[in-house]
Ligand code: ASP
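Below you will find one chain, with nothing else, as structure tokens; this is the form predicted on its own, and questions on how it binds or moves follow later.
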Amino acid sequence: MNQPTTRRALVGAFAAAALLGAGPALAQQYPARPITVIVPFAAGGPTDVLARIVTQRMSRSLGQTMVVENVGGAGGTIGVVRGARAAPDGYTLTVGHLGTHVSNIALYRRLQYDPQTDFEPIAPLGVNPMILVAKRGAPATVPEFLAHVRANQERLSYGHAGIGSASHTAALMFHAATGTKVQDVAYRGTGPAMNDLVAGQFDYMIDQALNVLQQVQGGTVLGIAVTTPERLPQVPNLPTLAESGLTGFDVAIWNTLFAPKGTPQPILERLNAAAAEAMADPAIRTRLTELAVQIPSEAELKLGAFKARHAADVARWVPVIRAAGATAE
């Protein structure tokens, strides 16, 4: 380890020790200034929309503004690395999801952060089911669509929002479950990808319901199926992949608020309480339900409860993604 790195590590350690020693007084004083929330994707995407809805309500509880900063690129790794290296003082937080904190473990051979040890989970912000959507004119039923993909996989293409994105992760899992290999078309976000799907430039995509509901309901793209075991009340006519032959298929994208490792417990508890208050707000619950976001239960919102789900998803999906042979390098 070089000298500057050593110095930064020591400074961080002393700062964390000082904060821990502050105890209850720290919880009363925090936050004393605005809090930056890093969203490692472009503005307007599903993670960004969800983060803004919840953190705006958290700001009221905390008495300080939570400012969302979009730091996109490299499958979310650029923003997540910045969040991991931030001072553990509660003033720089990160929103991560199944892509940044699970699939990137398999996709990047030299990932510059450890999703399980470099962060302290504060609270889940919600789970977003995904929808398999196709260009108009594609086979409309799940059995027909699956047969179409299997028979024409060398000629078809699917779109996603970049390596390591939620839409890329879900597609890898879909292809692993169906035993298919289809050419991918990477975009800089789901916005431009959706525009090209509407125009018929590629064949299908799997993306968060929050991001595609409007297009499915408006008929600009064809909704095929949802990726969770239960149908969505917002689109009740869409079957699930599990009920249509892919037994056990269950992919939903959780979004979770994280602090850097070493953030004092009183600060984590203060932020967790603000998140719980946001999730209990009827206006927030109504808005999230409209977007098909599954709201965390009281048990899921308890500080530390998320670690078990995170570990289970790493154990479940990292081997699947590695077996698919996809890499980001």
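Counting begins at 1, following the sequence as shown. For the two forms, the rigid core is made up of the largest set of C-alpha atoms that agree within 1.5 Å on superposition. Everything quoted here is computed from the prediction, not taken from an experiment.
Keep in mind the form predicted together with the named molecule is missing from the figure; the text below concerns it.
The candidate spot formed by Ala161, Ser165 and Asp207 is fully in contact with the named molecule in the model of the complex: every one of the three has a heavy atom within 4.5 Å. Of the heavy atoms in Gly191, some are within 4.5 Å of the named molecule in the model of the complex. His101 falls outside the set of residues with a heavy atom inside 4.5 Å of the named molecule in the model of the complex. In the model of the complex, none of the heavy atoms of Pro264 sits within 4.5 Å of a heavy atom of the named molecule.
The named molecule in the model of the complex is not approached by Pro296, whose heavy atoms all lie more than 4.5 angstroms from it.
With the named molecule left out of view, the stretch that reaches within 4.5 Å of it through heavy atoms in the model of the complex is, among 287-295, 300-308, 38-46, 57-65, 38-46. Relative to the superposed rigid core, the position of the CA of Tyr108 differs between the shown form and the other one by less than 2 Å. Positional change of Val185 between the shown form and the other one reaches 2 Å or more at the C-alpha, relative to the superposed core.
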